[in-house]
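In the form predicted alone, a lone chain appears below as structure tokens.
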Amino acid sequence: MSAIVQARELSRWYGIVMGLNNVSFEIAPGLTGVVGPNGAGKSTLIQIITGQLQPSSGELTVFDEVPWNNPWLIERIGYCPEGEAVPKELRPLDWLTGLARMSGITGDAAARRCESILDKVGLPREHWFKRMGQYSKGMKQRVKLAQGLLHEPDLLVLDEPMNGLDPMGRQEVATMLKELVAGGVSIIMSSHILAELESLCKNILVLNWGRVLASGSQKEIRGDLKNWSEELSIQCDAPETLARHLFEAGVLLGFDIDPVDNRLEIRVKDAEAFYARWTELLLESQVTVQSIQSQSRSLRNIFDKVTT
């Protein structure tokens, strides 16, 4: 499928401060995570995608159109900002009904749509008629999600959407996002909680200092990285014996042994070749393995490698 967002030599600066620096990339349909430390350019990118900022140079298109000063395109985009941007003196139904009518939904249909979307984002009904100034951060986050979904967008852009949510709330929102993607909505989501992005996002875009360090699926990024090594944690009854056998077989770059936990930490360069021989090597060593886990396939590990 064609990309929904395309950037070509895109830059945005604020005086002498560079927000984005000559970046080119594509974002495919589905759920894409935008990763980067504070100051990486995430918010600048999101504001350009949602038509709030104009590029200083280069071009960014969404659905093959430029977002800046393009209300017809913006109608297809939903946005959930990071800040607690809800009117404190209003009740959520009143606020959302007003937004629905501005979006062209009239009469009773607007009220029905607002009730449906509040149910979808998991805001309990007993809170619908309270003023939002009384809300917790997590409740405000659900209302912001509701306003972003109100007009049934084709693209939903979420800036730190899990902020303020408890673990159950995060799971509920994650399930909702997966359902939206299954229904054909594309989502671009930034978060500093890498474990959440790892479990949700098919693709990721890694930013730092206004530059794109990596983009694509996690598997593609690992394949593109030079000197990538697979790191495995193996719990077994004889870690010293297994380490010696694997070392003599020539499959290790390095290893560490934790004799207290009977754990062997190894690094291998060619993961596919290692896994192809793993059963044979294990049988030869006559060591009993309780568990084996990859330590290098996490999004955290990818992020650390591309930003150092």
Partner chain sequence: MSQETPMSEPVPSQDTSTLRQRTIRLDPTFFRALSGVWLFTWRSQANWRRLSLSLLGMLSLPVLMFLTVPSLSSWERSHRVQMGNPARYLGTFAGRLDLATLPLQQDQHPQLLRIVTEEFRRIETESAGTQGRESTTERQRRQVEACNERILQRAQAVLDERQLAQLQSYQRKNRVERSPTVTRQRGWDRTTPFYHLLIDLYFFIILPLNCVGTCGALIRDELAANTLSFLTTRPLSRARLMVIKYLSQTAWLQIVLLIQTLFLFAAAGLRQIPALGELVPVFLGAQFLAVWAWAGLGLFLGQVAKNYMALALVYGVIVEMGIGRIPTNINTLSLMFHLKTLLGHNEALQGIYEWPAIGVGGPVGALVLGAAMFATLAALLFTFKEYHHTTEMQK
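The model shown is predicted, which means the values in this text are computed figures rather than measured ones. Positions refer to the first chain, counted from 1.
Not on display, but discussed next: the form predicted in complex with its partner chain.
The stretch among 119-127, 97-105, 161-169, 206-214 whose residues place heavy atoms within 4.5 Å of its partner chain in the predicted complex is 97-105. At least one heavy atom of Glu75 is located within 4.5 Å of its partner chain in the predicted complex. Mapping the unseen interface onto this chain, Ala238 falls outside it, with no heavy atom inside 4.5 Å of its partner chain in the predicted complex.
Taking the partner from the other structure, its partner chain in the predicted complex has no heavy atom within 4.5 Å of any heavy atom of Tyr135. Contact annotation for Gln52: at least one heavy atom lies within 4.5 Å of its partner chain in the predicted complex. Proximity to its partner chain in the predicted complex, defined as a heavy atom within 4.5 Å, holds among Gly254, Gly58, Gly30, Gly39 only for Gly30. In sequence order, Leu150, His151, Glu152, Pro153, Asp154 are the residues of 150-166 having a heavy atom within 4.5 Å of its partner chain in the predicted complex; the partner itself is omitted from this view.
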